[in-house]
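Given next, in structure tokens, is a single chain: the form predicted alone.
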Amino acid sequence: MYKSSLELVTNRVPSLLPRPSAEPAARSPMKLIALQLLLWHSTLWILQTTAPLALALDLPQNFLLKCLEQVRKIQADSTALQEKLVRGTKGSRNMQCATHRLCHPEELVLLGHSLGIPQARLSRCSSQTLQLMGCLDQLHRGLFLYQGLLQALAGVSPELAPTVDLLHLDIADFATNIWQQMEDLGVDPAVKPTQGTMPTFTSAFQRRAGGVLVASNLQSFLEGAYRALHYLAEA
């Protein structure tokens, strides 16, 4: 039998009406996962940026202030040594500086490579990627290295001996202070660092040139140490 026109229209109405979309239901789990990932990354970023500040609370303020004071003292000692090495003990420019170009940083870098003078690194002390325990360890290792370099400079000149001895003593006190703090925190290495092979200076010129370079490298090391310690003290 043929269907009436009314029946045909009635049967076709449901197909003409818009059907409920299944996309929101399908997209909801994906949105939830994306939101969870966003929250996880945000939390991780907050933990990473605040970790140095939280760890800094483990360091006594008096320890940080004493370290800053020791850095300034060593900087003054190192500057005095460098000026005496470059200009001579009588105030006039030393002939070796003028003759062998010891005053030029480029020449000092080349000479440092030829003499085998190592440098201390503070890659874990940057305020952007500061690792507190790693920074303390690098500070101590660097100070220990410069103690050995100053010992290698022994005999550079009788006039400079008191300045070298004072610098060596101040560096040793600073290294001891950091080591004791690492022991208090229970993070001191099981084995103390070794100085490794120190350069051998075979002439008065090499000792004086090496002294200029060691003092210059020490200044750069102390600048990085001061920035890291000041950052922790302000945390």
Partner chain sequence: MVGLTAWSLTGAALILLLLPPSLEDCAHIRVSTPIVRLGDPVTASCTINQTCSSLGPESQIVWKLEAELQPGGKQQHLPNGAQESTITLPHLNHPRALLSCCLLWRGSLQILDQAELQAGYPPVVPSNLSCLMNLTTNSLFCQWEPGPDSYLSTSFTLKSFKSRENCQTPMGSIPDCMAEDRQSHCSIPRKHLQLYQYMGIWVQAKNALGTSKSSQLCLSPIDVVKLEPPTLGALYPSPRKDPPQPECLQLHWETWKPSLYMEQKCELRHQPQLGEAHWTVVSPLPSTVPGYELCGLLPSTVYILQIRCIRWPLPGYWSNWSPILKLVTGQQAPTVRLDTWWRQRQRDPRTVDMQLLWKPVPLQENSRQIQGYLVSWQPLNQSREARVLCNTTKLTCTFSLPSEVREVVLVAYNTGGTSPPTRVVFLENRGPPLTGLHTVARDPHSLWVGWDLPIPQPQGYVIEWGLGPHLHGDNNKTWRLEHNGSITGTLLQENIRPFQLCEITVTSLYQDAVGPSQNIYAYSLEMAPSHAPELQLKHIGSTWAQLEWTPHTPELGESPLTNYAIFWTNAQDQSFSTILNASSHDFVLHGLEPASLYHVRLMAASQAWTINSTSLTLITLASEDSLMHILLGLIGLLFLFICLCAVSCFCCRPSRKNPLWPSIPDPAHSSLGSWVPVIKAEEIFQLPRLRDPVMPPITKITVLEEEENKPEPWESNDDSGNYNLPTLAPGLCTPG
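Numbering follows the first chain given and starts at 1. All of these numbers come straight from a predicted model, not from anything done at the bench.
One more form of this protein, predicted together with the partner chain, exists but is not displayed; see below.
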>> With the distance limit set at 4.5 angstroms and only heavy atoms considered, check whether 62, 170 and 180 all reach the partner chain in the predicted complex.
In response: yes
> Which one of these stretches, 122-130, 137-145, 67-75, 109-117, sits within 4.5 Å of the partner chain in the predicted complex when only heavy atoms are counted?
Replying inline: 67-75
> Is the gap between residue 166 and the partner chain in the predicted complex 4.5 Å or less for some heavy atom pair?
Replying inline: yes
>> How about residue 58 - does it come within 4.5 Å of the partner chain in the predicted complex, if we only consider non-hydrogen atoms?
In response: no
> According to a 4.5 angstroms non-hydrogen atom cut-off, is residue 176 in contact with the partner chain in the predicted complex?
Replying inline: yes
